[in-house]
Each structure stands twice: as C-alpha cells, then as structure tokens.
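Heads up, the chain below is alone and in the form predicted on its own; it's given as structure tokens.
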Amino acid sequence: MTETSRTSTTPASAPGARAPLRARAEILSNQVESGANRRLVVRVPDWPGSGPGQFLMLSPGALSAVSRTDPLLPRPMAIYRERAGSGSSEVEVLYKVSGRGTSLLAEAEPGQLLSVVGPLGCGFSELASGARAILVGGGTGIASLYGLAAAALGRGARVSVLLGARSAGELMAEADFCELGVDLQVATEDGSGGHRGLVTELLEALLDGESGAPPTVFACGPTPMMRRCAEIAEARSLSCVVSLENRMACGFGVCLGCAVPVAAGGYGLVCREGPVFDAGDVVWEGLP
C-alpha cells in the first residue's frame, strides 16, 4: 500500500519546477553493488519525473525499522535513474553503507516501505548539441552523473566520464557507464583498477590533449576532489560545474543544515539553490 501527497516545497530557484512528491515507496530491490555499496530500487506512485542532478530524501531504513520518537533523520540521495510506468515509476539510487542510517537502509527488504520526498533541488542545465562535457565522479558522487551523461549523449554532446575510487571494489556503476557508450576512464588510488592514482590526474591528462571547442567540466564527489577539479579548470579558463553533497535534514530549506559559503557573500542552501553550483561561486575554504 502506498500513500502520496504534494508538498509546497518547490525550490525557489527553479521557476516552473513541479512540486516534489511526499510518498511511501515500495522497495523492489536492495542489492549489494560492491563492498559497502548498495543499489536500491523503489516503486513511487505518481512520481513527477526528475532532471539530472536532482535528489530525494529517504527515510533511514524501512518505516517499521525506526521508532517515530527516534531522532534519526532522512538521508539525501542522488536520483541515479528512473523508469516511468503506468501510475508509478521505478526510481533507483546508489548509496554506501557508512553509518546507522544507511545500515538500516541496507537491511530493508523488498516489499517494505520507505518514506520518500522528491525530486528536490536544482540539477544540471541542458547541454547543447555538439557541446563537449567531461564528467568527473568520485565515490558516491558517481551516482549524480549518470543522468547527466545519458541526457548529454541524447542531445548529441561529446561526453567523457572519469570515475574514481579508493579501490576497484569501491567503484560504483562502471558497467552502466560502459553500456551508455561514453568515453570512460577509471582511476583507483590503490591501482586495483584503471589508472593508479587520483581521478583528477586523469582530468589533467585529458584536458592537456583536448582540441576544438572548450569543454565544460562537471564534478561530484569528495570536497577535495571537486575543489581540485575547479582549480584545474580555472587554470585553463574552463567552466566547471559541481554538485555538492552537504548533509541536510529536510531537503527544502527549513533546517539550514546544508548552508555553503558563496563568493557573492553570505550562504547558499545546497538543497534549494543547488546541489549544482558553478564552481567559481563556491568558497571552497569554508567547506568541511
């Protein structure tokens, strides 16, 4: 059984965006991807559809697993991909088990229900036909880039994807990106897969060999990785767009837990003004 309702939490910075859905979603599968990585698929009734880079808030485990008096908060998860159906959609997320909330989520079984709020946030802008895009993903940040890669290819953009992880066993979704047919390179810090070293080293090497129209760099992953991507792009006078992964409790601008210092002064909220930002708008020194 599922329940749905519309919230009034459409991000203020996304004119014309449809209001997010608050629903009880049925778990269809919750499988081990590799190591501590998991792949979760839920059936969401009346799902309005999402754009690349948007996210949702998931309850920490099945609704029956956490007491209503428990202060454990929902978890923001990138929408990896979705498949529309008649009256409902299958929504897929990738996550890593790293604490109590995600441990409870990993224990959830098919047929159980999760609380879902989404889609939330302002995602990536559309790429023009013929545009050149280089996508750099690290850790769980890889999940934010699949939709962008698929959409960019569909619009005739030239896409390269660089994926990084500490080891091959921690790498997410490599096979899915291969199936898209993108130019794909992998880096692992321990050398167990692809280039031995950091994914940002692959970015530098790729940019050094570029010719033609200037590429745009898109990055999502650990803060040091994104900051380094921004520095590499800036040194070459290239645009860099990042998707931040700040912690948050609500997802629509009430808790203020995801505030990030911005170059214009003050703070921006990752959940409403992001998670996607121009890298030059972020005060990297102010991020944890």
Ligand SMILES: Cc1cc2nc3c(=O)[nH]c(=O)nc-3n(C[C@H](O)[C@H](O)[C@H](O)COP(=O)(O)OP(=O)(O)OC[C@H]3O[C@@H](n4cnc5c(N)ncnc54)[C@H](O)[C@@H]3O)c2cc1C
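Note that the structure is a prediction, hence the values are computed from the model and not measured. Don't overthink the numbering: it's just position in the shown sequence, from 1.
Note that the form predicted together with the ligand isn't included here; everything after this is about it.
Checked against the ligand in the predicted complex, the residues 94, 217, 116, 171 give one hit for a heavy atom within 4.5 Å, which is 94. Of the residues given (123, 138, 147, 76), 76 alone sits with a heavy atom within 4.5 Å of the ligand in the predicted complex.
Stretch-level contact check against the ligand in the predicted complex with heavy atoms at 4.5 Å: of 193-201, 97-105, 127-135, 83-91, the positive one is 97-105. Among heavy atoms of residue 143, some come within 4.5 Å of the ligand in the predicted complex. Heavy atoms of residue 40 never reach within 4.5 Å of the ligand in the predicted complex, leaving it off the interface.
Interface residue remark: residue 246 is counted as part of the site for the ligand in the predicted complex, having a heavy atom within 4.5 Å.
Although the ligand is not shown here, in the predicted complex the stretch 23-46 places no heavy atom of any residue within 4.5 Å of it.
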